[in-house]
Ligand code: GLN
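For reference, the chain that follows is the form predicted on its own, supplied as structure tokens.
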Amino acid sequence: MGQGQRVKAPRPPIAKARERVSPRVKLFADSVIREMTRLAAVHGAINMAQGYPDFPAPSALKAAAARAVKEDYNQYEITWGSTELRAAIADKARRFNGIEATGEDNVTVTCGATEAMVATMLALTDSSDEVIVPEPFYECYIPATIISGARVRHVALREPDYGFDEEELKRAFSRKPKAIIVNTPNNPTGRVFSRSELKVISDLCSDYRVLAITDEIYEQIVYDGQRHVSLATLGDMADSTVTISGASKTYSVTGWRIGYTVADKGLTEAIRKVHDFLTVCAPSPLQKAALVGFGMDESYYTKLTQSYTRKRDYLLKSLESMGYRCLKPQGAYYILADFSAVWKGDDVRFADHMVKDGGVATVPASSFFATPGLGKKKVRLAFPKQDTTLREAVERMRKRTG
């Protein structure tokens, strides 16, 4: 080797590359729901894992999206949402939720409700804060909290009906957390929290000056005369609540990624700053199309509820006839099914067996819990599917568990 020549350093192996990954990323796992979707594709299974419809979106929304593309709505929108869409969301918040809001001061349009959650957590919490996350929980809440630097404190939603214990909740609030995440209608349990239950939370938030971050994405999908109540309408919570929702579930457009937050002007200004540097803006032509959804008349929502009620009742009855024990959901479009009477292994093995050998993808329920051992005898099934899809899924499951 000649004088002055440098020895070329070998490329670092994968193990060394992983050492460069931020420690916070190591604190949460990949999405189990999305992993089950990938396995469904590999094994040709019916995807009852991920909560998206396999039927068309309303034709009026599709036509509006196509028209927006043809009319060249191709460029950036106002970062926090088009003026028209924010006004429509504020009007919907007043009419349906009972939340006084304006598009100018209180609404931020985001790339789906998940981005709304992450932007809110980044804007309003940091490493000195603790956030209460009831358990079981939708899987994005933990990464959102960790990414913001905050610490998670769980309180249990207890079987059989997944209500909370008031004394446990009071103890959690006594630690003076910065915020609590409330999800109603609840994923994965299907629980719709009553006004009196939410009043307990609102009173504690007021007493301890705690922010509430509410995920209300399933607000229009409720059953059996249940009523959705927005926490922001109780007591003095209007100034202390970030209400998160979107178009995904109500209008069967989960891939359009149109979510939003409704909050006090000061909170909204902070959320908009973070949102701007996360995603800039939600897709411009789809914001145009979402306007049509928010302008739907009441008959649309009535038919939506009727359709999902029928699907829920069919799947519930079918599962119970096979020996599964199920909680009847009050809202959203998932069923938690206890398989202990038909399968002796745990939830991960059951889900693996069912997707590979049974041709149906489910979600192992332990992925919705942080406490070891919980959810080990249950799986979650999503039922926003065509009737033919549901019947075929039931027949496949019957062959493997009947």
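Just count from 1 along the sequence shown to find any residue number. Predicted model only: the values in this text are computed from it and were never measured.
What comes next is about the form predicted in complex with this ligand, which is not displayed.
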Subject >> is_contact(Ile33, this ligand) in the model of the complex, heavy atom dist at most 4.5 Å >> reply: yes
**OP:** Would you please decide whether Gly375 lies within 4.5 angstroms of this ligand in the model of the complex, comparing each non-hydrogen atom pair?
**Re:** no
**OP:** Check whether Gln330 has any heavy atom within 4.5 Å of a heavy atom of this ligand in the model of the complex, and answer yes or no.
**Re:** no
Original post:
If you check in the model of the complex, is Ala365 within 4.5 Å of this ligand, heavy atoms only?
Top reply: no
Subject >> Residue among Ser230, Asn106, Thr114, Thr125 with a heavy atom within 4.5 Å of this ligand in the model of the complex >> reply: Thr114
Original post:
Considering this ligand in the model of the complex, which of Ser202, Ser252, Gln287, Asn187 comes within 4.5 Å of it through any heavy atom?
Top reply: Asn187
Original post:
Each of Gln50, Tyr138 and Arg380 near this ligand in the model of the complex, meaning some heavy atom within 4.5 Å?
Top reply: yes
Original post:
Of these, 336-344, 22-30, 63-71, 50-58, which stretch puts a heavy atom within 4.5 angstroms of this ligand in the model of the complex?
Top reply: 50-58
Original post:
Out of 196-223, which residues reach within 4.5 Å of this ligand in the model of the complex, heavy atoms considered?
Top reply: Tyr218
